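Okay, so here's just one chain, in structure tokens, the form predicted on its own.
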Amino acid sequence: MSQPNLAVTVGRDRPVHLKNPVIAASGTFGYGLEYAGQLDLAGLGGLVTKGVSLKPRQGNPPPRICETAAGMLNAIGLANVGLEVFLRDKLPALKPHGVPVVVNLYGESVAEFVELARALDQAPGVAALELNVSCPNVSGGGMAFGCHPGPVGEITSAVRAATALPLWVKLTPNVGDIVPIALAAQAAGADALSLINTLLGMAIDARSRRPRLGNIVGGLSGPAIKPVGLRMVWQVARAVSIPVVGMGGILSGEDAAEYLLAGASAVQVGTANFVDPGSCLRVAQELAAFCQAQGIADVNELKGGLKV
């Protein structure tokens, strides 16, 4: 059998075309440039930048990362260079690599999200925007917006009116029922949904009797959360008519295939990048090998193929 087709499209009215369904996830891949010496960025399906805010952010006090069983906790706090430096230094430097760039946006108010979207709307080299309404490690904005349908709909609608770019909304798993929130984002004009962000957790050093994170609580990621991610992607994909980009604990091509079977159109690889900088390319290669072994000519045949 010849090599399977790995190309996918995320979105219909404002499509984002990817050479393969494996995208580097926000917060785990810097601005992409940090990994340019480790792998060929052009081989990625796409990359999502660190969350970009209007002004530079220092983030939370250290320690900000803690290894856990089958994963890690982080409380980075959306440290970033800010919009001005991102537009001046980071975004132009990505253009020669020829990889679709999705810019993750973080604001503490609807007005901040709108201002960011307007500034990026005409910026060359932006394939899509990803609204971060789900970060658990900041006191303002973030998950505070993403836990209820109303605020998610309000932010999505406001940003939709401010940009013609494809709009992805990143959802939090730290809710009782994710489906109404997904439906609210869709109704407000989202082109796709990214899920899941990290799960709230904490770790304690029993000997010092102190928390292992300076922020006390952080976001749990890695293989430990994959069952939650799969469940939520499956639930949301059955409820909405827009694409879902799945993530949470993907380490291998078969992990990616599971998310596609649950209904995802593409996937994001996050924590694995800390273990192996070449994880995204390896996952894509393993996904191709999986399809070939299964006699699948087109990776899109996997989408929503779960037999229940």
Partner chain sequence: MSTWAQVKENKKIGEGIFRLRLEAPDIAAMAQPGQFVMLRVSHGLDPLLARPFSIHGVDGGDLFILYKVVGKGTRLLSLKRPGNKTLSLWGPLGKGFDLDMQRPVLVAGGMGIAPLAFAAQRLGSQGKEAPLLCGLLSTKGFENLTGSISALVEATAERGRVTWATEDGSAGHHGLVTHLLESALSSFPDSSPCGGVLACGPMPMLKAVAQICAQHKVPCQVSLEAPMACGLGACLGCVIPATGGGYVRACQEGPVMDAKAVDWERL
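Here the structure is a predicted model, which is why all the values come from computation and not from measurement. Residue numbers count along the first chain shown, from 1.
Omitted here: the form predicted together with its partner chain. The next part is about that form.
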property	result
G30: touches its partner chain in the model of the complex, heavy atom cutoff 4.5 angstroms	yes
Its partner chain contact in the model of the complex: L83, any heavy atom under 4.5 Å	no
Partner proximity in the model of the complex: S241 to its partner chain, non-hydrogen atom cutoff 4.5 Å	no
Its partner chain contact at A79 in the model of the complex, heavy atom, 4.5 Å	yes
In the model of the complex, segment of 67-75, 184-192, 230-238, 93-101 with a heavy atom within 4.5 Å of its partner chain	67-75
Contacts with its partner chain in the model of the complex, stretch 244-279 (heavy atom within 4.5 Å)	L251, T271, F274, V275, D276, P277, G278
